[in-house]
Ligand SMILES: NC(=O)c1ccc[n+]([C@@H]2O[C@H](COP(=O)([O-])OP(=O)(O)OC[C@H]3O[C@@H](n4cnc5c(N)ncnc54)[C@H](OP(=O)(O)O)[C@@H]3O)[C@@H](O)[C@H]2O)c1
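Below sits a lone chain in structure tokens, taken as the form predicted on its own.
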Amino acid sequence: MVNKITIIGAGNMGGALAKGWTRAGMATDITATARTRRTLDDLVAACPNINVSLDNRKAVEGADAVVLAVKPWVAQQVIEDIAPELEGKLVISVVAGFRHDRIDVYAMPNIAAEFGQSMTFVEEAPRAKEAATLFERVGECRIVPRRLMEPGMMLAGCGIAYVFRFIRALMEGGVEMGFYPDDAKCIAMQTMQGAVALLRETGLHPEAAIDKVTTPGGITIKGLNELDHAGFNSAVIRCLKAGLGK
């Protein structure tokens, strides 16, 4: 059973997990590390009860689980430094593209973990379910075979950025039509939130939901056809496959 978690690397992803787990009521069980005191001070300001340290090896002492959340190019050195302290601990990596014999579970959350809304993929492994229970505290989690980890990263880890870009496009369109930017942002976000809620609550396929707001000769179908003419679907699929080198 995991009671104490140490997060090595309190940057964007590690910090989001720390904040998300804190919001989930796990603050007294979390220690986070970083290379600079400023990063730790910022984290403590957001999570007053969290434990922080500049010493990775000391931070993992007594932990039940260690989450590696550093940059890929320093991951090898970091895990070698803390290796003597990892015996008996659940070691989880959220470092994209990094693999090591000492890692028990590979996971790919996204930064919405901070608000309990991550879509996390956990790679199949003997301790995958144990790791999944942690990520379920900060959103939805799926255990998948290794072949789906990279696609999962593109669809959800990177995908959140693509959603931001679509919201920005809606905002720009709103501004062009006469709304102030902040108003356009609120409208775009609420529209997207409403669309997600409708699909979640009804279980409808997106195309069936589209049929509910399109009428023959209406303005919605004209806009949808413009997206099709611009290759919208193809662009999204190509965007997702780009990170896989396909």
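So that there is no doubt, residue numbering starts at 1 and follows the sequence shown. Source: prediction; values computed, not measured.
Just so you know, the form predicted together with the named molecule exists too; it's not on screen, but the next bit is about it.
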message: Although the partner isn't part of this model, could you tell me whether Val94 comes within 4.5 Å of the named molecule in the model of the complex, counting any heavy atom of the residue?
response: yes
- prompt: Looking at the partner-bound form in the model of the complex, is Lys185 within 4.5 Å of the named molecule by any heavy atom?
  reply: no
Partner proximity in the model of the complex: Val138 to the named molecule, non-hydrogen atom cutoff 4.5 Å: no
task: May I ask you to check whether Arg35 falls inside a 4.5 Å heavy atom distance of the named molecule in the model of the complex?
output: yes
field: Whether Val67, Ala128 and Gly152 all lie within 4.5 angstroms of the named molecule in the model of the complex by heavy atom
entry: no
field: One residue of Val78, Ile167, Leu86, Val144 in contact with the named molecule, assessed in the model of the complex (non-hydrogen atom, 4.5 angstroms)
entry: Val78
- request: State the residue from Val175, Ala132, Val74, Leu148 whose non-hydrogen atoms include one within 4.5 Å of the named molecule in the model of the complex.
  value: Val74
message: Just to confirm the contact call: exactly one of 213 to 221, 175 to 183, 36 to 44, 194 to 202 touches the named molecule in the model of the complex at a 4.5 Å heavy atom cutoff, so which is it?
response: 36 to 44
task: For the stretch 170 to 205, return the residues whose heavy atoms include at least one within 4.5 Å of the named molecule in the model of the complex, in the order they occur.
output: none
